[in-house]
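You are given C-alpha cells for the same protein chain in two forms, set apart as structure 1 and structure 2.
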Structure 1
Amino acid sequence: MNTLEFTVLVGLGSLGAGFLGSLTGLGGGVVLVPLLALAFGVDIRYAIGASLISVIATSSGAAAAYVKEGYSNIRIGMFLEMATAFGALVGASVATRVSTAAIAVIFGVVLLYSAYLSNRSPRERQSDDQPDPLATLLKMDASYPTPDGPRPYHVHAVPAGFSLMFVAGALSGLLGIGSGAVKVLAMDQAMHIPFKVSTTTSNFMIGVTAAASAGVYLSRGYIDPGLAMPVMLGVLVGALLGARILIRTQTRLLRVIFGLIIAALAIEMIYNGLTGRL
C-alpha cells in the first residue's frame, strides 16, 4: 500500500467515524483510535495524536452552531474547564510514560463504559430546585430555550462535578478522546444540569480539553502530519454530513448499533492489549 492509497482509506474510515459519531452524539474519537490501531496497524501513540486533532476539529465545528443557539453555559464550561484542562495535562504526561499495552486496556474499559452510558436514556428530573449557594456565588444558574420560552435552572454539587471533570480530562489526555460521555455524566447526573445544556456545554469543553493535551503530544512527536491530515479532514466532513442528516433519522436504533460497534472494538482492544499485540 502506498501513501496515496493509505491516505484515501484512512480518510474514508475517518469520514465514517465522524458521521456515526455526530449522528449518535458520541463523537468520532472513540472509534478512531481502535480503527487506526486495529484495522490499519498504526502504533497507538500515532493513533492517539491523530484522534486528538480530530476531536478538536469536530468539537469546534459543532460548538460554533450550538453556542449560537444559546444552550451551552459558558460560565459552567469555563469553571469546569480548570479541572479538565489540568486533568488533560496530567493524562497526556502519563501517556508518554506508560506502555502502549496498558493504554490499550484502559481504552477498552473506557469504551465499554461509554457504550453503556450512551445507551441509557436520560431521565427527566423534577425541579426540586433549591439554589445551591456555591453555584449561586459562581453565577452558574441560568436558563435555556424551550418551546414554551426560556426555562431557568439551578446548578448543584459543584465540587463533585469538578472532581469528575478532572477524571474526564485525564482520560481525554491519556487516550486522545473527547470524554464527552464522562462530561455529560458529571453535569447531567451529578450537577443536575438540564440534558441539552449538559451535552452542548460538554461539546464546548471538549475542544479546550483536547487542546490542553495537544501541546504535550505535539512536543513528544505523537502528531504525524501525514496521518493526522486524512483523519482530521475525514472526521470533519463526516461530522458535517451527520449533523445535516441528524434531523431526519431515528437516533435510538443508531445509538444501539454504534454502542455494539464500540463494545466489540473495546473487547478487541482489551484482548490485544493483554496479549501484547498493541
Structure 2
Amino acid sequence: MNTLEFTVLVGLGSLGAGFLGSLTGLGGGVVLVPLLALAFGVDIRYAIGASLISVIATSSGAAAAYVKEGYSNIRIGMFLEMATAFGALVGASVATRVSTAAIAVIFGVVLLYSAYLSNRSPRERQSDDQPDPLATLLKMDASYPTPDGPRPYHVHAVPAGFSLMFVAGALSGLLGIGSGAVKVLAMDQAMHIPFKVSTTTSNFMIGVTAAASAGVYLSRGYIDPGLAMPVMLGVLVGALLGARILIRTQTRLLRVIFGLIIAALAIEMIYNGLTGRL
C-alpha cells in the first residue's frame, strides 16, 4: 500500500467513524482509534493523537447544528467542562507513561461497560422527577424540541455528574476518544437528561476536552500531520452527515447502534491488547 492509497483509505474510514460518532454522541475517536490500530497498524499513541485532532473537528462540525436546532444545553456543557478539562490533562500525562497493551485493554473494558450501560432499560431509572436544587440555582433545567412542541426536563444529581465528568476527561486524555461515551452515560443515566440532549451536549463538550489533552500529545511528538490531516477531514465530513440524520432518528435505534459498535470494538481491543498485538 503506497502513501496515496493509505491516505485515501484512512480518509474513508475516518468519514465512517465521524458519521457514527456524531450520530451516537461518542465522537469519532471511539471508532477511529481501534480502526487505525487494528486495520492500519498505526501505533496506538499516534492513533490517539490523530483521534484527538479529529474529535476537535467532530465537535466543531456537529455542535453548531445541534445548538441551532435547540437540542444542546450550553449551560450544562460549560459547567461540566471544568471537570472534563482538568481530567483530560491528568489522563494525557498518564498515557505517555504506560504501555500500549495496557492502553488497549483499558480502552476495551471502558467500551464494554459503556455498551452494557447504554442498553439498560429506562425502567431501571428512578421515577422521581423533582429538580435538583443545585441545577435550579444554576438554571440548568430547560426544554428540547419534539414533533409535539418543546418538552421541558429537570436535571438531577449535579454533583455526581460533575464527578463522572472528571473521569470522562481522564479517559479522553488517556484513550483519545473524546470521552463521549462516558459523558453521554453520565448525563443520560446519572443526571436523567433526555438522551438526545445528552448526545448533542456531549458533542458540544468533547472538542474542548480533546483540545486540553491534545496539547500534551503534541508536546510529546505523538501528533503526525500526515496522519492527522486525512483523519480530520474525513471525520468532519462524516460528523456533518451524522448531525443531519440524528434529528430524524429514533432514540432506541441510536442506543442499539451505540451498543453494538462499541461492544465489537471492545472485544477486539481487549484481545489484541492481551495477546500483545498492539
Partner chain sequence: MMHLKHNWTDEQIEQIVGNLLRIGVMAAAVVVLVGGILYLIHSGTTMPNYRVFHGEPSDLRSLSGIAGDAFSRRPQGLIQFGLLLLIATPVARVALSVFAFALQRDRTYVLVTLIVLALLMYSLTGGRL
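Treat the numbers as computed from the prediction; the structure is a model and nothing was measured. The term rigid core refers to the maximal set of C-alpha atoms that superpose within 1.5 Å between the two forms. Residues are numbered by position in structure 1's sequence, first residue being 1.
Enquirer: Which number goes with the form predicted in complex with its partner chain?
Expert: That would be structure 1.
Enquirer: How much does the C-alpha of Asn203 move between the two structures, in Å, when the core is lined up?
Expert: That residue's C-alpha sits 2.4 Å away in the other form.
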